[in-house]
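In the block that follows, a single chain appears as structure tokens, in the form predicted alone.
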């Protein structure tokens, strides 16, 4: 049964608020704005042209109204005025298309760039990173957060600049008509500023909560789908559905709290704008009656005020979009600020080695956040040939394999590759010399051929067949509908456990690297097939280094040397015959022989 819990969504255990965090977050997108400055400049010019034309049109309306009021209008003059307004409206439509194409298009370019940066960063992270960040977190950052940033840097940025320019220009035109009437129109504005400041603070906290709960919801759904066979086997469908429903309800409640703030901002801005209009209608009508301004001035003034109401109402929407975008940008910045603990040392190109040897010298290792040492003072030479590693569960076998693969950091001088400290080597150089088969093989929902060639894209069909034969999976593949083109489903769901392991082994054999590490990756294979696999490994890895972690005596007997681990230490090592004199190994062999009878 899967449980869920509240997460603080800050794996680093620190609070990243304040101006410094905002500057660091904006640093993610600032280079993109600079790179596309010409596009942005052209887009904003188009916005200004649209706004200027919208501001000029009321002047034409004023002329028409005044000429009608003074009985000086003719059919021809009104027609010319209408055509002028129509042409201005067509130009507005054209330039509006251009700014949408340039500015909204830029927001999509920015979204793609940040997504690519995020994806590259995730690929560069080490095992410790994925222990701190859940898949749900990463999906939320790559979807909801990016959408919020795209909206803020697209329509949000356009609306903000449009609102600022339009409001300043409209106020200037209004002042030109009547400064006193403008004061009446702007009288409610301080109330809008105070309410917006208050609501935006609440919006930031509530939206951050929504994003965290979306991460939890996504992670729970992913875990459920991945573990669907286990859930069905234990008939836990109702329980999972109940927990998913509970997460969904909490997510909806949090969204409703955000909607409450959003729903308050827009009516507040509208209310303030309408109060200004009400004051203008009263005071402006009085001024027209007293002939302080003309009727045309009054109509133009109310038109400018109606143009000003949009920026006023946009304040709430822009604040909402900007706050959500900034919150999401800070969340992504926190992720991008993570650095791998296993450092990739830049160095001159080293020649590829045909053989590799690992030297462990008092190698000790502790998982982050734990006190107990998983590996303690391990001294071991891993040379060409077959090395078997065995021991009780939790003795450190798999951890040793992960350390060899540089999934976790180790101290200087503890691990050498061909007499060179691994901390002085590029991670890629180390990993490019090792083929790895895990106990739980990672397979993709692609064809069998694509899964085998995952580590070597240029392999020919004959190379694939050879690797499959060495892994004793070739005949099984041919019996499947579609053969090597058969799609095996998510995580190889259409294959048995033994077939999945042999398919992963074929992928490793195809890479043809100087070292092969099999971390208990043969435990689901029957004894007869196991012997075929071992023969294939012997044939493919002659004069190379093979490390096999296993509990099976049949596998260990073929090793040139066997290491027995106990509580993170090497309890014994030697050949199979030599270790039969050791109590720990002898007991393990006896139990297996008794079980086989």
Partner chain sequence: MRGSFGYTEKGEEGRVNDFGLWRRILTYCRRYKIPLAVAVLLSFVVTFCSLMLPRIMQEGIDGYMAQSHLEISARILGLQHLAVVYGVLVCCIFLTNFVQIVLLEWIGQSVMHKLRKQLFDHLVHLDLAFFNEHRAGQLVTRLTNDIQNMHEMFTSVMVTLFNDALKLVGIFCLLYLMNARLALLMTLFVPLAFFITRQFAHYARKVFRQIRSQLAKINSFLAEALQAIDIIQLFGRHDWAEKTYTDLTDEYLQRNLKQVSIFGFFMPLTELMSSGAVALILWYGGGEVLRSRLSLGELVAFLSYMRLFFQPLRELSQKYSIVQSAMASAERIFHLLDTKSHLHFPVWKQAVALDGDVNFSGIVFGYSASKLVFNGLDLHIKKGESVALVGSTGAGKTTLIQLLARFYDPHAGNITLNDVDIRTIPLPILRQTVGLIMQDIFILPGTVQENIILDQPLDKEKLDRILQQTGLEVFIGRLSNGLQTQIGEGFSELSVGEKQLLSFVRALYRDPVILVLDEATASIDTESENLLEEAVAAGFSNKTSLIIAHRLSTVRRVDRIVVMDQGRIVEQGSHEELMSTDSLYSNLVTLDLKNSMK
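Under this definition, the rigid core comprises the largest set of C-alpha atoms superposing within 1.5 Å between the forms. Residue numbers count along the first chain shown, from 1. All figures in this text were calculated on a predicted structure; none of them were measured in a lab.
This next part talks about the form predicted in complex with its partner chain, which is not shown.
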Within 4.5 Å of its partner chain in the predicted complex, all of 78, 86 and 295 (non-hydrogen atom) = yes
ask   = From the list 212, 426, 338, 219, which entry has a heavy atom within 4.5 Å of its partner chain in the predicted complex?
value = 219
message = By the heavy atom within 4.5 Å rule, which residue out of 172, 239, 353, 486 makes contact with its partner chain in the predicted complex?
response = 239
task = Although its partner chain is absent from this view, report whether residue 584 comes within 4.5 Å of it in the predicted complex, heavy atoms only.
result = yes
query = Does at least one non-hydrogen atom of residue 450 fall within 4.5 angstroms of its partner chain in the predicted complex?
reply = yes
ask   = Would residue 507 count as a contact of its partner chain in the predicted complex, using a 4.5 angstroms cut-off between non-hydrogen atoms?
value = yes
query = Closest heavy atom of residue 32 to its partner chain in the predicted complex, within 4.5 Å or not?
reply = no
key: Heavy atom contact within 4.5 Å of its partner chain in the predicted complex, the stretch among 411 to 419, 173 to 181, 327 to 335, 219 to 227   = 219 to 227
request  = Output the sequence-ordered list of residues from 364 to 400 with at least one heavy atom within 4.5 Å of its partner chain in the predicted complex.
outcome  = 370, 372, 391, 392, 393, 394
ask   = When the two forms are laid on each other by their rigid core, does residue 286 show a Cα shift of 2 Å or more between this form and the one not shown?
value = yes
task = Look at residue 214 and decide if its Cα position differs by 2 Å or more between this form and the one not shown after superposing on the rigid core.
result = yes
Core superposition between this form and the one not shown, C-alpha change of residue 515 at least 2 Å = no
